[in-house]
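In structure tokens, one chain follows: the form predicted alone.
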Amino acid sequence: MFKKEKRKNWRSVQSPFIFDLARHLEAGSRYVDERVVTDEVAFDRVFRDIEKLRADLKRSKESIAVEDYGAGSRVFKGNARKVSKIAKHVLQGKSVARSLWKVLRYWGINTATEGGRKLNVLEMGTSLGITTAYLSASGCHVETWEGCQNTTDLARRNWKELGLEENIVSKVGKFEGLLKSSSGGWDMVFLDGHHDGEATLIYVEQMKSKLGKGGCVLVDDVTWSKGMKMAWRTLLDDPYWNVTVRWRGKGWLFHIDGAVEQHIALSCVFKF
């Protein structure tokens, strides 16, 4: 556990905001907002379609040439990559994707109840588009960025098969260039495409002026490498991010006006 962090089970979190986040990430259905549980039942066919597509991708015989602008891979050598291996080793798992859906659905329902707009979500790192599909199914406006055109083409084909292509804005390019040209305004940014410590710190710093009010950043693989561990320690020491939650190798960053500084490492026990 990193300095500053306190390990907690979702049940022992005292902050109402973090408790709501933690229970939708980790708790079983009996502890999740009943509106979200109702929607889970209604969206069962969508979830089954997404997971069927994931299974099909794992059996795919197709290969693509991948242009990798990130920190490289521990699985692949070279740019020619089997789609089946990408599906098996790169994509976020079903449980993680479903938990993100629950959190965004909960936040979105509350925003709508208060007469607000749909949430805006940015995914930095599209890959095959499976996690993107879950984000879109939550009812948010989703924009997703990918550095590789071939990977993006395959993801777009997957969304078309799922009937989600009209609901997702997809852009191809290097993250630094896309960030400079974007006006931002996101409620959540999922940084899942450039697992390099220095690059992560640069992107997160830029997010301070790109997030909408109350927006957050979710950084993937904060314990993936020495560089990413150092980056996470640096972010924990940044007073701007006064509330952080580390969850399943990922780090949530929040800037909440008036909040007591809290850094939590969430104990994880998936139950569905």
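Counting begins at 1, following the sequence as shown. Values in this document were obtained by computation on a predicted structure and should not be read as measured data.
Omitted from view is the form predicted together with a small molecule, to which the following refers.
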Examine Ile130 and determine whether its closest non-hydrogen atom to the small molecule in the predicted bound form is within 4.5 angstroms.
yes
So, in the predicted bound form, is Glu176 in contact with the small molecule at a 4.5 angstroms heavy atom limit?
yes
Could you tell me if Gly193 has a non-hydrogen atom within 4.5 Å of the small molecule in the predicted bound form?
yes
4.5 angstroms heavy atom contact with the small molecule in the predicted bound form for Gly197
no
In the predicted bound form, does every one of Asp33, Ser136 and Trp247 come within 4.5 Å of the small molecule, counting any heavy atom?
no
Option from 118-126, 103-111, 179-187, 161-169 whose residues, in the predicted bound form, bring a heavy atom within 4.5 Å of the small molecule:
118-126
Could you tell me which one of Glu67, Asp44, Glu62, Glu205 places a heavy atom within 4.5 Å of the small molecule in the predicted bound form?
Glu67
